[in-house]
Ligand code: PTJ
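Take a look at this one chain, the form predicted alone, written out in structure tokens.
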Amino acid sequence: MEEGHGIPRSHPRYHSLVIRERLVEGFRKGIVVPQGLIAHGRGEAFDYILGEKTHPFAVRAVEAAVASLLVAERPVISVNGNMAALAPREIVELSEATGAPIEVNLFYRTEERVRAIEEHLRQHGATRILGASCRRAHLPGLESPRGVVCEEGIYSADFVLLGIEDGDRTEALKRLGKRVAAIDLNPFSRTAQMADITIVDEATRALKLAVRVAGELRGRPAAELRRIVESYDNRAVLREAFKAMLERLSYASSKGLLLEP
């Protein structure tokens, strides 16, 4: 299906509607599950409050996440169905730019679905994918199918970038001493609260920015990249995200106006 899906670019909700169509298309291909459509709607509600734009606090989080991918010894980009449907090109480009392999990890896991996501990513140029054929390991204390991971991927990783996550796996990864970055529009979630780096932004915007930042940071001295990581304060970022939401809601409440981007 062509980009745009027949939606006129003049439509004020163009970007949001295109994203919805990508998810529907992913559902038809067996990449996205019905529960993923529900989860997307929840995130979209938070994006409305944020004004559907990338804020400075999200830019700082993306910079710290990309720097972490570049300095980590065993980085991994973890991908689920929604993320694969929404931004396959950006996932592949970020993997290539940082040297981090892509691992398919799913809550609603079937081997058929894992293979469908792998094939979808390969069609967009991916060459380093872990999933259906990898050596299996299990994250201790995590009973859901997300606990099934690749031994040479998430299980051995020192830094994991999670896209559109659930809190249980973030908690399990942290217990194992791994550093975690998460893309999560909901700053109230356990994922957002427990991650070392929380990117409070819509996934396609965040990943496009991450690819651009990776191009800028790649080749920089390791000491400079470590300074970016070490100077990052996730609590401060979450406070700024809450403040941005509160200010927009307070303005709308006081003025009796619709929220404007």
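From 1 onward, residues are counted along the sequence shown. Nothing here was measured: the structure is a model prediction, and the numbers come from that model.
Below, we refer to the form predicted in complex with the ligand, which is not included among the displayed structures.
Residues with any non-hydrogen atom within 4.5 angstroms of the ligand in the predicted complex fall in just one of 152-160, 91-99, 120-128, 77-85: 77-85. When contacts are defined as a non-hydrogen atom within 4.5 Å, all of H40, R113 and D184 contact the ligand in the predicted complex. Out of the listed residues L106, A172, A72, C134, L106 is the one that sits within 4.5 Å of the ligand in the predicted complex by at least one heavy atom. Of the residues A203, V229, L50, V211, just one reaches the ligand in the predicted complex with a heavy atom at 4.5 Å or closer; this is A203. Contact check for I164: a non-hydrogen atom falls within 4.5 Å of the ligand in the predicted complex. Among residues of the shown chain, V33 is one whose heavy atoms approach the ligand to within 4.5 Å in the predicted complex.
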